[in-house]
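One chain comes next, on its own, written out as structure tokens in the form predicted on its own.
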């Protein structure tokens, strides 16, 4: 019997109550009230309303998916209806008692947002009606043919994303097209309703026609000769490289600064991806090499620090990388026989030792102690100081491209195969003749080198560094973006950095909920998509070995 047929209306009720509890939790931590002022569609929809309706919509869709076809609509509506119950309970309790002495974020503004400004009783009825309708629509959406459903979901997602970033889009449109044209699209930092409808319909139509014609287009490309395909690939790479070079002109100062921050984490992520993703060595002290690279750059380039002759950024950069590589070998040597949790604890201790030493009075005469190192000069190129974010972007881009090239070559090399074999089973790898000592040391050394490179660029970017900038949270952030993006996947590192570093920078309201978002996203990823947003072919094959719908890609040939 198909297990999906066992889903009952009682299960739909449970799903609805879970959705309501999720919305209530988001409300009580302050996210709903904080985002109530950010509009997505002018005078129609705010970000807070999306947060209120998102959990009921998703779990109603899930209920419809699990139910029998003839019960799908009822399951979706029931889930949406019961998603209102926990929220109504919160509204009634807040109306009868002063909950702010226990839950400081349960304010009158929050209650007004949850009840759409209509009071507890009328607002609760409106909430029930809207959630029930949302649940029914989610179930209807699931009932549609996949060729229609996927384009609609794509259109909804992109419309919400454009509305979310409409404030930033408004600034860039003004820079290129002027105020008059921008006001036709965006008003009061939100999409015009007409533009939102056009955007939704347009993206849905494009996704639909691509779904109909994309297969034939891909087939025509596949039928081309090898020379034609190679020329097309070269043309795509050239166009992408030109786009990367022109990025600062398109983004402006603020977005270029955001991209620089994302690039530094991409650089660190590529290094940790070698250690964790390729070699399977759980390193929680990765921030130590980041700090070493930054401090070496600071000492060698800062003006008159410790009486050391000031050197240029380009001379200090390889020294920073080499020092970090040496530290990676130093750490790797005593932990060669450790695995799993023991390795994580030792590396965690190493990272904390480096931070405490940088903050200690013992090394204060050498590296500044708690006062840090100041007056670190920006990089210069042929006498021009790279002060602006758009100028420093090319330094970050060069580091990322270098790390990407090395990672790509290593992943397809004999050493990369050895790392992956060691990741799967060290005993079997050793029995096959792999030298675990050299293989582990190379993983630690290369990963540390990338981290040292990112730390050196980071120090020059900020022009001052302090010990508190290199705490455990940096290692956790980098590890999180690898998990979210996909273990062992190079594109996954970029996706994870954009999600966990870029989004909180673009949406400043998310900043205080960054750790909350990390935890929630990691839980969702482990349950719904454990391989990550952009997994490697090997990881996808391992996690979907019994799913015939997932194509199995052949691994690239080793060098």
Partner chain sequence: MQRRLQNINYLDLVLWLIRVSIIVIVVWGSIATLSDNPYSGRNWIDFIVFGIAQGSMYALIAIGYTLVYGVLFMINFAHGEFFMSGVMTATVFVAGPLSASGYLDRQPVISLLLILAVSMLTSVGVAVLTERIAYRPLRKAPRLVPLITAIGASFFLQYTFRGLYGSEVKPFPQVEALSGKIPFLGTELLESQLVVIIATVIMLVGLYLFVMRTKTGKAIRAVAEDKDVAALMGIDVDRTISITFALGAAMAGAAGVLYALVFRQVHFFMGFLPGLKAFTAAVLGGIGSIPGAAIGGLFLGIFESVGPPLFLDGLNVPAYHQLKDVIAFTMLVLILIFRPQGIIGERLAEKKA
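Residue numbers count along the first chain shown, from 1. Being a predicted model, the structure only gives us computed values, none of them experimental.
Below: the form predicted together with its partner chain, not depicted.
Asks: Of these, 105, 150, 143, 95, which has a heavy atom no more than 4.5 Å from its partner chain in the predicted bound form?
Replies: By the 4.5 Å heavy-atom cutoff, the listed residue in contact is 105.
Asks: Counting non-hydrogen atoms within 4.5 angstroms of its partner chain in the predicted bound form, say which of 207, 111, 441, 185 makes the cut.
Replies: Contact with its partner chain in the predicted bound form is made by 441 alone.
Asks: Checking a candidate spot here: are 345, 356 and 523 all in contact with its partner chain in the predicted bound form (at least one heavy atom each within 4.5 Å)?
Replies: Yes: each residue has a heavy atom within 4.5 Å of the partner.
Asks: Among 95 to 103, 396 to 404, 70 to 78, 172 to 180, mark the stretch whose residues have heavy atoms within 4.5 Å of its partner chain in the predicted bound form.
Replies: Within 4.5 Å of the partner lies stretch 95 to 103.
Asks: Is residue 226 close enough to its partner chain in the predicted bound form to count, meaning some heavy atom within 4.5 Å?
Replies: Close contact is absent here: in the predicted bound form, residue 226 is far from its partner chain, nothing within 4.5 Å, heavy atoms only.
Asks: Using the partner position in the predicted bound form, report whether residue 350 sits within 4.5 Å of its partner chain, counting heavy atoms only.
Replies: Looking in the predicted bound form, residue contacts with its partner chain include residue 350, since a heavy atom lies within 4.5 Å.
Asks: Considering non-hydrogen atoms and a 4.5 Å limit, does its partner chain approach residue 334 in the predicted bound form?
Replies: So residue 334 counts as contacting its partner chain.
Asks: Check residue 533 for me: does it contact its partner chain in the predicted bound form (non-hydrogen atoms, 4.5 angstroms)?
Replies: Flag for residue 533 set to no.
Asks: Can you name the residues of 395 to 432 that have a non-hydrogen atom within 4.5 angstroms of its partner chain in the predicted bound form?
Replies: Read in sequence order, the lone residue that approaches its partner chain (within 4.5 Å, in the predicted bound form) is 430.
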